[in-house]
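One chain comes next, on its own, written out as structure tokens in the form predicted on its own.
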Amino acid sequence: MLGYTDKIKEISERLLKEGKVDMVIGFKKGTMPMMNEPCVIKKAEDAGKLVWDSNCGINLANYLTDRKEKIGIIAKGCDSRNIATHIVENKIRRDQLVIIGVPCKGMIDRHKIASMSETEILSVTDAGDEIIVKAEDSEKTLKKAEVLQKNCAVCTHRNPVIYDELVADLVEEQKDADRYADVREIEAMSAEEKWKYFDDLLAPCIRCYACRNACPLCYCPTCFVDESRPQWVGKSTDPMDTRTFHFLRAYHCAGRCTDCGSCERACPAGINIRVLTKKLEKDCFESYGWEAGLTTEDRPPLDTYKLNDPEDFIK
């Protein structure tokens, strides 16, 4: 990862010096372990602040919406797919961007690693295919493959789909990942089992909206949960209000979600909220052969109409 960081600094410094961009959006070292922070640099001399490792899970496309500047942005596979979606949805222009592509082998799951230690974690360091975790009373070396975020473990688009510069050679894509195994398990449940599953899944939710705020697709000026005229959903943590929020938000992402994992990573309660968007991703893939963010030419299937669209659902 040191090589990635050095190349990111080099490219960012050059772009700013040459005046090709007004700013570069990337990551700086966070104040807490496993929490690198998004940052914006506008001066070439500040490029030294930029870092890259397995703690850069936040989707930087979230910071592009409706910006007018010329922007350099660091983008792994899922980030680049969300950038493509932003371009299609007219939230940013392609000619405004210099995309610095980062081939990615996955981000680590901070919730999983935190659960392995009974004391405070002091540092988490990349060491190739291993992760070194130092806590107050111990030091562990873990295999990175065993502590990846769930979305990264099944990712089949590790390389950026659009980019202007690359920080390293493209990595081999995963060919045998079963992306929808968890969805099929839920689909096989009875109605009663599904109801209990989602009751248990959403019970820890405190309606903090961290999932919505971290999502690069949730850029509406006013979210439906904040509307008061009309009021679409209650403001309380009543189970039905909570369920309504999560299900409606998932439907707003249908055909657009790239499974970047930002929602689940941001959740303070560690809720596996991806199962909702994964189900809709699976349906779009099976019904339309569609994967979000792989092109800047076509709009999502639920945003278009074709005469030969499947209509079996119409009774």
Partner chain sequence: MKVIKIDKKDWAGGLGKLSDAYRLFGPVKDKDVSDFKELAAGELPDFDFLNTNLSAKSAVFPQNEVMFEYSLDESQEDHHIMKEPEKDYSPRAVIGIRPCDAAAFLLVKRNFDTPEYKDPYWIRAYEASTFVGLACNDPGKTCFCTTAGCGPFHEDGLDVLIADAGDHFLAKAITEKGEALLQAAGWGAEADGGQIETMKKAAEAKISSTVSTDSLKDKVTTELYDASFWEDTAFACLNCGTCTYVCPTCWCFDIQDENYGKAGIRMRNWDSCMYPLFTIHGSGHNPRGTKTQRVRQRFMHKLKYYVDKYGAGIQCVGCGRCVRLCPVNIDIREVCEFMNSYDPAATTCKAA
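In this text the structure is predicted, and so the values were computed from the model without any measurement. Positions refer to the first chain, counted from 1.
Not on display, but discussed next: the form predicted in complex with its partner chain.
The shortest heavy atom separation between H252 and its partner chain in the predicted complex exceeds 4.5 Å. Within this chain, R207 lines the site of its partner chain in the predicted complex, having a heavy atom no more than 4.5 Å away.
Its partner chain in the predicted complex comes within 4.5 Å of no heavy atom belonging to L166. Not displayed here, its partner chain is kept clear of K70 by more than 4.5 Å at the level of heavy atoms in the predicted complex. In the predicted complex, every residue of the candidate spot (T31, D226 and G234) has a heavy atom lying within 4.5 Å of its partner chain. Checked against its partner chain in the predicted complex, the candidates V21, I11, A292, I25 yield a single residue with a heavy atom inside 4.5 Å, and that residue is I25.
None of A214, A153, I92, I162 but one reaches within 4.5 angstroms of its partner chain in the predicted complex through a heavy atom, and that residue is A214. Screening 118-126, 80-88, 93-101, 153-161 for residues having heavy atoms within 4.5 Å of its partner chain in the predicted complex returns a single hit, 118-126. Using a 4.5 Å cut-off on any heavy atom, the residues of 58-76 that reach its partner chain in the predicted complex are, in sequence order, I58, N62, Y63, R67.
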